[in-house]
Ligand code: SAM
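Taking the form predicted alone, here's one chain by itself in structure tokens.
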């Protein structure tokens, strides 16, 4: 990994503009990203302390506490992943997936249409079924439920004042937004992160919920074998301040510290956060 180490240093030193970062994302490799992040050791359901069960556990809790439900759930910056809406698809009549990268949207469409895709999501579905008190064998029913409620896979740009096409949502906005590992990875600095958070807030109705999963203290990650993308380095205080300044009431915050054996040379993430917040 000597070559990557050199790129890590460069990725940490050079801060790209929003336009330069968007250009980088045109080379995003869904298959490589999924292999880096969503296979063992980073995703291992045999270890209850692994990051994957932690993420799915908090999402299950958020979507089953009773207050996060409604008509429309929008996933902001889905990437090529599905795990983040596996619990939410039971609580909303309509789920909208979105991403800036066309290749990621194709990956999602392939799965929705039952075509070949880059990752077998069965272990994720099985784990969510267990969280819901169902047999892991019910995973195919849950997959069908998700396919039945996803109505759109849309292009999105969180750096635009209107991130989605105007006709995508009713004037009142969505009932819930979820976003995982998007805003800090799409923003070159804290000011850009704050603007992006404000932009997506415009998609949410008053009193609606925001669920965020992201990284703290991460400065880069690999989105393809030769593509090192810098990320804004957030700490807990900055995250809480950003939420407050963008009009959100923080309801819940959990921090996950990545064990040494799950840290990888494809990023320098050390901890992750889960946030549940309400738009005031």
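Residue numbers count along the first chain shown, from 1. The model shown is predicted, which means the values in this text are computed figures rather than measured ones.
Separately, the form predicted in complex with the ligand exists; it is not shown, and the next lines address it.
Proximity to the ligand in the predicted complex, defined as a heavy atom within 4.5 Å, singles out one entry of 220, 54, 248, 38, which is 38. Of the listed positions (128, 177, 180, 95), a single one reaches within 4.5 angstroms of the ligand by any non-hydrogen atom in the predicted complex, namely 180. Only one of 111 to 119, 130 to 138, 70 to 78, 169 to 177 lies within 4.5 Å of the ligand in the predicted complex by heavy atoms, and it is 70 to 78. Shown alone here, residue 157 lies within 4.5 Å of the ligand in the predicted complex, counting heavy atoms only. Of the heavy atoms in residue 164, none are within 4.5 Å of the ligand in the predicted complex. Contact annotation for residue 186: at least one heavy atom lies within 4.5 Å of the ligand in the predicted complex.
Looking at residue 87, you'd find every heavy atom of it more than 4.5 angstroms from the ligand in the predicted complex. The partner is not shown here, but in the predicted complex the stretch 94 to 115 reaches within 4.5 angstroms of the ligand through a heavy atom at 99, 100, 101, 104.
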